[in-house]
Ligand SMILES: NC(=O)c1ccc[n+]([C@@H]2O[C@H](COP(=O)([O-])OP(=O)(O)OC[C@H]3O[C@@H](n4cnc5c(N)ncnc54)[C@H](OP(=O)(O)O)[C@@H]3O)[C@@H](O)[C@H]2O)c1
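In structure tokens, the next block holds one chain alone, the form predicted on its own.
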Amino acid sequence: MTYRALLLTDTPEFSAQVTELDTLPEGDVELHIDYATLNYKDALAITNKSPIVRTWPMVAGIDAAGVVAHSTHAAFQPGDAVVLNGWGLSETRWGGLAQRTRAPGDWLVKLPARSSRSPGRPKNDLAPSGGGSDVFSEPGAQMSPRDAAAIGTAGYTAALCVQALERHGLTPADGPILVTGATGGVGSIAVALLARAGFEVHALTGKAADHAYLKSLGAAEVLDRADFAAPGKPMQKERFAGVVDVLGSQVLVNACAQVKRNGAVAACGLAMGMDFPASVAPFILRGISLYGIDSVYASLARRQAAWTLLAERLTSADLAGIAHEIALSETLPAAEKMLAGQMTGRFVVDVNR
């Protein structure tokens, strides 16, 4: 049985095209994929702008959401709705921009049900802590594969960042949280998650036209990225209780220099560079903490907790304002648009059209 997939090849030269395949990767769970996502990392791989792919040929896509078709894994049965991301997808393992795939069941997360449980009463040390009101809807309804794709690796990474700040002990009473790269996938979801928990969110962007978008997600203030891009003093005015950073480089340095005493920074990206030309001053004189967020190989417990948080704080209506649906055949031009900085929110890919 053949299926359609976005296949990347490197012989005789690089190409990316939607084609028919008749083989699947190894794994004890077979999925019928409903939706995938186009992430920044996917865009780099699809356009061959960065050496993401390490095994050729490669089916692109670091996300997949759909339904179990066949399983020999004890935890999964046909019909289970699941999400798959990380674990080397689109690098060393065929990814999710396809109609079908197979994967080890230990990599999959069942889509959680919506919950009315307050984030102020965590179930365990991986669950969110801190203040906030019950703004969740659809209690008991399961998150759909489309919503899971709208969240994708970017949103799941945002949840891991928010959990790191909340495990650190930050609450809305401690002051505002800065989110850099706020119009992107990670930033958009981070703004929404923090705002739903009652935090005052300051969103950093270089896109003046997207201020209204960020305010619609819950941002209280929108800041100009240019104000953080140039080298500054190692210790600057204390402004933020915490930071979610996806940019790295000088922006991360200036953000750290403006974090309040005993605050925290969750760093998960390098859109502006891998360098970190910083001073140790904020860390040893103000006692701030820098948490590195690895979403690719996070444990199953952390993954489940992150997806539970996402189900609790985001509704389908929230995601509708973030996600833009495209067909599998539209991923190439969409990737170019993303890399050109012309994208706000998330691209959700309907792999069956």
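The numbering used is simple: start at 1 and walk along the sequence shown. The structure presented is a predicted model; accordingly, all values stated were derived computationally and were not measured.
Below, we refer to the form predicted together with this ligand, which is not included among the displayed structures.
Novice: Using heavy atoms and a 4.5 Å limit, would one call S71 a contact residue for this ligand in the predicted complex?
Specialist: Output for S71 is no: heavy atoms all beyond 4.5 Å of this ligand.
Novice: Does G175 reach this ligand in the predicted complex, with heavy atoms at most 4.5 Å apart?
Specialist: No, G175 stays farther than 4.5 Å from this ligand in the predicted complex.
Novice: Using a 4.5 Å heavy atom cut-off, state whether L270 contacts this ligand in the predicted complex.
Specialist: L270: yes, in contact with this ligand in the predicted complex.
Novice: Given that this ligand is not shown alongside this chain, does T101 nevertheless sit within 4.5 Å of it in the predicted complex, heavy atom to heavy atom?
Specialist: No.
Novice: Sort through 141 to 149, 74 to 82, 178 to 186, 278 to 286 and report the only stretch with a non-hydrogen atom within 4.5 Å of this ligand in the predicted complex.
Specialist: Only one stretch passes the 4.5 Å heavy-atom test: 178 to 186.
Novice: Within 4.5 Å, heavy atoms only, which of L247, A164, L170, L111 is in contact with this ligand in the predicted complex?
Specialist: Selected option: L247.
Novice: Looking at A305, I322, A311, I293, which is the one with a non-hydrogen atom within 4.5 Å of this ligand in the predicted complex?
Specialist: Going through each option in turn, the one that passes is I293.
Novice: Sequence order please: the residues of 309 to 348 with a heavy atom within 4.5 Å of this ligand in the predicted complex.
Specialist: Read in sequence order, the residues that approach this ligand (within 4.5 Å, in the predicted complex) are M338, G341, M343, G345.
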